[in-house]
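Taken one at a time, structure 1 and structure 2 that follow are two forms of one protein chain, written as structure tokens.
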Structure 1
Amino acid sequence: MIQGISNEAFILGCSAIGAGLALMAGIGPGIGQGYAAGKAAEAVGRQPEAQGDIIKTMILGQAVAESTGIYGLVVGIILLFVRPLLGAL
């Protein structure tokens, strides 16, 4: 035990840091989705009559690209609210 800090508080603080690190997974999907949206905007500019199909394809691709970010988010939420590491005490 570090001076003045209980074991539980230490684990909770480390869980918060871990949750923050886990949410850094949001960087990748952000870049990827922005890239996909930019390409879709280019495609609509080149071919405005296919807008519906382009938007459908773009949203589908973005949804698949989003899953890694969602995994990070779920890990963060579990670390913050379910606190599985407290069971190790």
Structure 2
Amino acid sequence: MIQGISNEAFILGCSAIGAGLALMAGIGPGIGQGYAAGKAAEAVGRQPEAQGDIIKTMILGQAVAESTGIYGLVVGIILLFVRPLLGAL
């Protein structure tokens, strides 16, 4: 172990780093959803009669893309507040 740092403090620090990395998983879905919404707006502008189908498809795609961001958020919350790695000590 590193001198001056207890095992518990080391694990909590590594858990905080892991939570930060897990929360960075929300960046990709945010960019993708914005891009998809922009393309859907373009498609509705070109074909206003297909607005219902375009919006349904866009919302389904955004729901699937959002799930990865939610998984990252859940993992980050578990690492920060449940602290499952402290039980291994």
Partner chain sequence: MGIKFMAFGRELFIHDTVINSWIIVIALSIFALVVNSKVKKAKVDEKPKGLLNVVEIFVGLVQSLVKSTMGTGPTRDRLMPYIGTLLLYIACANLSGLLGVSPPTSDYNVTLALAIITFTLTQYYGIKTNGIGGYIKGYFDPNPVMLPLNIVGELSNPISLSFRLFGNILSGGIIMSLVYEALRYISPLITPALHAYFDIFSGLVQTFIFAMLTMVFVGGNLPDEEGI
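On a predicted model such as this, the values are computed, not experimentally measured, just so you know. The first residue in the sequence of structure 1 is number 1, and each one after it adds one. In this text, the rigid core denotes the largest set of C-alpha atoms whose superposition between the two forms falls within 1.5 Å.
>> Just verifying the output here: the form predicted on its own should be either structure 1 or structure 2. Which one is it?
In response: The chain shown second - structure 2 - is the form that fits the description.
> After the core is matched up, is the C-alpha of residue 33 off by 2 Å or more between the two structures?
Replying inline: For residue 33, whose C-alpha is compared between the two structures after core superposition, the shift is less than 2 Å.
>> After superposing on the rigid core, what is the C-alpha displacement of residue 61 between the two structures, in Å?
In response: Its C-alpha shift, to one decimal, is 2.8 Å.
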